[in-house]
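Consider the single chain below, provided in structure tokens and representing the form predicted alone.
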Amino acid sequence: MNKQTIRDVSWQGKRALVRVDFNVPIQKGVVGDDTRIRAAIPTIKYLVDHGASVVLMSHLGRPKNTVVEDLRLKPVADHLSSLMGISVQATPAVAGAEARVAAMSLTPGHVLLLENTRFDAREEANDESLAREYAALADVFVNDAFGAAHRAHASTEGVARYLPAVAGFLMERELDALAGTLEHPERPFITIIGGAKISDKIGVIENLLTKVDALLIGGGMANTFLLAQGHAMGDSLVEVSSIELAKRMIELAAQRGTKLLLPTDAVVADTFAPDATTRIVPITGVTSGWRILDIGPDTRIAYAHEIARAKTVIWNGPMGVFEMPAFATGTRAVAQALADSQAKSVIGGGDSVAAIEQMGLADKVSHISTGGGASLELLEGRVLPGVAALRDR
């Protein structure tokens, strides 16, 4: 990573403004999954241990530029306090005079959490006045919110115009794992792409076809590729508008010499339901009244074999409707193959992350990304505004 990090700053007596991603589930004032909060602790602890006072800011949910009581960050401050064993103050102010008074009263080693950035209409507009108000709170800006780095908001990009801006440890890890893997993969380098639609991930597929040795496709998007090859898909989900796009991707793979693997068999069902009647059929045997909801056993074996010989793997998207146990076997097989592999394995995207965590295999892979949309845009080869705003080394 060619960006400066918090290691490049002398923090004694300085005030750090840290953008974190505390967009976590809260029910009745209690934090549910605290993975994102825990992910930010190494950065906060480093700053505190090196003599800084810390002002944290984050969004939570989609309050649509107004105050929503259930989306206040006080429960997050309380939860962070218990995790770190220190008192984390919370202020009801997003920015402005009240926030400035709270920030200026901090002494080294103390932590303050500002209110939900999206309560202020200027945040998502990347308004200059809000960015300046944020900048008035600290000496240095630290972006540790990879999950929001693809947004050009006042708290991710705007404030970096007015303060020296460096990466936190989570941001550094994400960029090294994703961007670093794309730039310098050990080969064979393969990518597994799943999910419902080609149109959601066309940029990812196009970019990766120029970089990987093999591309394995599953999920609903595979149906459109198979239809483009002339296979009947019965009642399966397909994107008719993306058939020509799929043909172009198949041709591009052939031109580049990239191995493109599609399912050769499938688990089909007579209805989209957990208790549907199911069959295993070859791809040539999908008939009217039946729909593909998972990859079949031959495809699982072929994909696992490809994973086993790889040195670098990026996985984004499930192989089927993994939320229903009857159609989770393909996704589980890919997750298990990754867990058994010696390859560097990077998991990006909400559904594939949820799947590997649900299957208890999260600790068996090299890196799990905290940023769904940001991960996708990085895999597409896009420049993330929140990353571009950081100081180069």
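Start at 1 with the first residue shown and count on from there. In this text the structure is predicted, and so the values were computed from the model without any measurement.
If you look for the form predicted together with a small molecule, you will not find it shown, but the lines that follow are about it.
- Taken together, the three residues 201, 316 and 320 all come within 4.5 Å of the small molecule in the model of the complex, as judged by their closest heavy atom.
- Residue 145 falls outside the set of residues with a heavy atom inside 4.5 Å of the small molecule in the model of the complex.
- Using a 4.5 angstroms threshold between heavy atoms, residue 182 stays clear of the small molecule in the model of the complex.
- Within this chain, residue 219 lines the site of the small molecule in the model of the complex, having a heavy atom no more than 4.5 Å away.
- Contact check for residue 159: no non-hydrogen atom falls within 4.5 Å of the small molecule in the model of the complex.
- Of the candidate stretches 289 to 297, 305 to 313, 246 to 254, 146 to 154, only 289 to 297 contains residues with a heavy atom within 4.5 Å of the small molecule in the model of the complex.
- With the partner removed from view, the residue among 196, 178, 71, 90 that has a non-hydrogen atom within 4.5 Å of the small molecule in the model of the complex turns out to be 196.
- Only one of 214, 276, 237, 106 lies close to the small molecule in the model of the complex, with a heavy atom inside 4.5 Å, and it is 237.
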